[in-house]
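The chain that follows stands alone, in the form predicted alone, written as structure tokens.
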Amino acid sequence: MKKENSKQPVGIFDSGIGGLTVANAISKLLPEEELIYFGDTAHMPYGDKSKDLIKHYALKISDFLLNEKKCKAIVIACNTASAAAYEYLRDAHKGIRPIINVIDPIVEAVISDEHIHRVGLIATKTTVHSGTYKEKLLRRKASLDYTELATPLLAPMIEEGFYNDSISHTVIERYLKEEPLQNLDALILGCTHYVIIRDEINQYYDQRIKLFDSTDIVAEKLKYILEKEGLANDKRQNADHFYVSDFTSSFQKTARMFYGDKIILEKCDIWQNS
């Protein structure tokens, strides 16, 4: 049965604007859903922050989306925040609204593929050091040969507009030739930014391995949950809104790269009263 709050928006947040890749996938799959996006550009990147600080940021943002913007569900469109703060947010908002992270849907997709025996992960330092992917994958499929590598230069490289060029080719090759990423059946792109360089990674591996990223997989997961909970909207009433905690013209330019359309970022400082 459809609930009254099915008309409310879906909240999506990230440490910056990389999560717009997830928002774009959700918008395409669920065009009737109104989206409220929040990019915490004032504190980016999260990849070098402590777990406790990320939890503090995530709770403040989720409160903004749930209480001020009245969102019916929240998608944590950031691997680092998902690793550091998902369980914390899930417990804090238990029974209030669905909280969806970008890690669990990827884990489910990987373990359900019987052709994958050796899987690698590239991600930020915080995501790798959290051990979240390793724990979740091996707990559910102990036979997996799992390996990982922190790739801290990739996200800032992409943010600065270096992709599909000689600089990105060099940095990507430098990471992917490392021993942990050899002889893989699959590679998890454990940062929403990495969708932008997916084709370059595919080229490096000559398309021999399967790549997993959080865009379409998370969009499908959200669709499933909204339908299951009776929260799916059948007709949108309002336009999407895209907020950032700090604004520069470069953010606006990069946002269009991540989202694929011309969008307008609006500054919203939720920290001023913190």
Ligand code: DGL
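Predicted model only: the values in this text are computed from it and were never measured. From 1 onward, residues are counted along the sequence shown.
The same protein also exists as the form predicted in complex with the named molecule; that form is not shown, yet it is the one meant from here on.
- Contact annotation: Thr132 falls outside 4.5 Å of the named molecule in the model of the complex, judged by heavy atom distances.
- Though the partner is left out of this view, Leu30 does not reach within 4.5 Å of the named molecule in the model of the complex, counting heavy atoms only.
- Put simply, Cys191 is close to the named molecule in the model of the complex: some heavy atom of it is within 4.5 Å.
- Under a 4.5 angstroms non-hydrogen atom cutoff, the named molecule in the model of the complex lacks Leu66 among its neighbouring residues.
- Only one segment in the set 141 to 149, 105 to 113, 72 to 80, 166 to 174 has residues whose heavy atoms sit within 4.5 Å of the named molecule in the model of the complex; it is 72 to 80.
- Contact here is defined as any heavy atom lying within 4.5 Å of the named molecule in the model of the complex, and by that definition not a single one of Gly11, Ala58 and Ser62 is a contact residue.
- For the candidate set Leu211, Ala219, Ala232, Met44, a heavy atom within 4.5 Å of the named molecule in the model of the complex is found for exactly one residue, namely Met44.
- Taking the named molecule as positioned in the model of the complex, the residues of 124 to 155 that bring a heavy atom within 4.5 Å of it are, in sequence order, Thr124, Thr127, Ala155.
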